[in-house]
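Let's start with one chain on its own, the form predicted alone, as structure tokens.
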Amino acid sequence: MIYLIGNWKMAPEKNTQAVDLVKKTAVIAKQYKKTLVTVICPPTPFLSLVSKNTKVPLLVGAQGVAASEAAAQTGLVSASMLKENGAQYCIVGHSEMRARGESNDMIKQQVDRLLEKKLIPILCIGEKSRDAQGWYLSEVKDQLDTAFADVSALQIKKLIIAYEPVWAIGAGAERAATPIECREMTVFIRKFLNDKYGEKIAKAVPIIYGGSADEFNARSFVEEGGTQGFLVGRVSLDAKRLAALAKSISQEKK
């Protein structure tokens, strides 16, 4: 199965727009349910509303979680709250969160809290820049080492890793990442998992791509990049584009 995870970020603005987008995405999820696992991650204020308007095969995730369950944390949301309001997945470690100050240690705690509540973390990892010497691999390894320090072999199978090359996304992108660069990192992550948990478990953990993927280039990231899915932003807010992307990655390899 290929994962198609939509990160709505801070959109849409209205409840009615959120419900409309859920319904349109649900049609896509149902059409491609044999080949795709489709997840939507709305802003927290819409989480309960979206969950109530969602049916399997469309699944629901959150965009962030507090590092602890302590009540005295203004503005944050606990894993218990997310679960109570219908979340099954949750994004952690996104580059935008890291840019706002979340450290590897904080992200590790978030992963732990989600696993405790039996929610599936979508752990984003990735380098800020690339160098010819390959030091960027150490940056990614540090993120992996910290996040999985206390994660058991049983728990790791309940987790998704999203490779997110920070230098290739957003308004400040240096350039687009290539499928070959995606494959290199997928192999690197898989080796890390193999060394820590063994080959069988390493093969079972989904590794998806969180870069700038769309309906035009996504298939190449599946065939050449070795990705098992996508974490997409703005494309997930446009049902027509999302449907086109779903169709492209659902096709049999030629």
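Residue positions are given as counts along the sequence shown, with the first one as 1. This structure is a prediction, so every number in the text was calculated from the model and none was measured.
The same protein has a further form, the form predicted in complex with a small molecule, not shown here; the description that follows concerns it.
Student: Only one of 97, 168, 119, 77 comes within 4.5 Å of the small molecule in the predicted bound form by heavy atoms, so just point that one out.
Tutor: The residue in contact is 168.
Student: Does residue 212 reach the small molecule in the predicted bound form if we count a contact as any heavy atom within 4.5 Å?
Tutor: Contact check for residue 212: yes, within 4.5 Å of the small molecule in the predicted bound form.
Student: Would residue 23 count as touching the small molecule in the predicted bound form under a 4.5 Å heavy atom rule?
Tutor: Answer no; every heavy atom of residue 23 is more than 4.5 Å from the small molecule in the predicted bound form.
Student: Does at least one non-hydrogen atom of residue 241 fall within 4.5 angstroms of the small molecule in the predicted bound form?
Tutor: Judged by the heavy-atom cut-off of 4.5 Å, residue 241 is well away from the small molecule in the predicted bound form.
Student: If contact means any heavy atom within 4.5 Å, which of 32-40, 203-211, 55-63, 219-227 contacts the small molecule in the predicted bound form?
Tutor: Result for this chain: 203-211.
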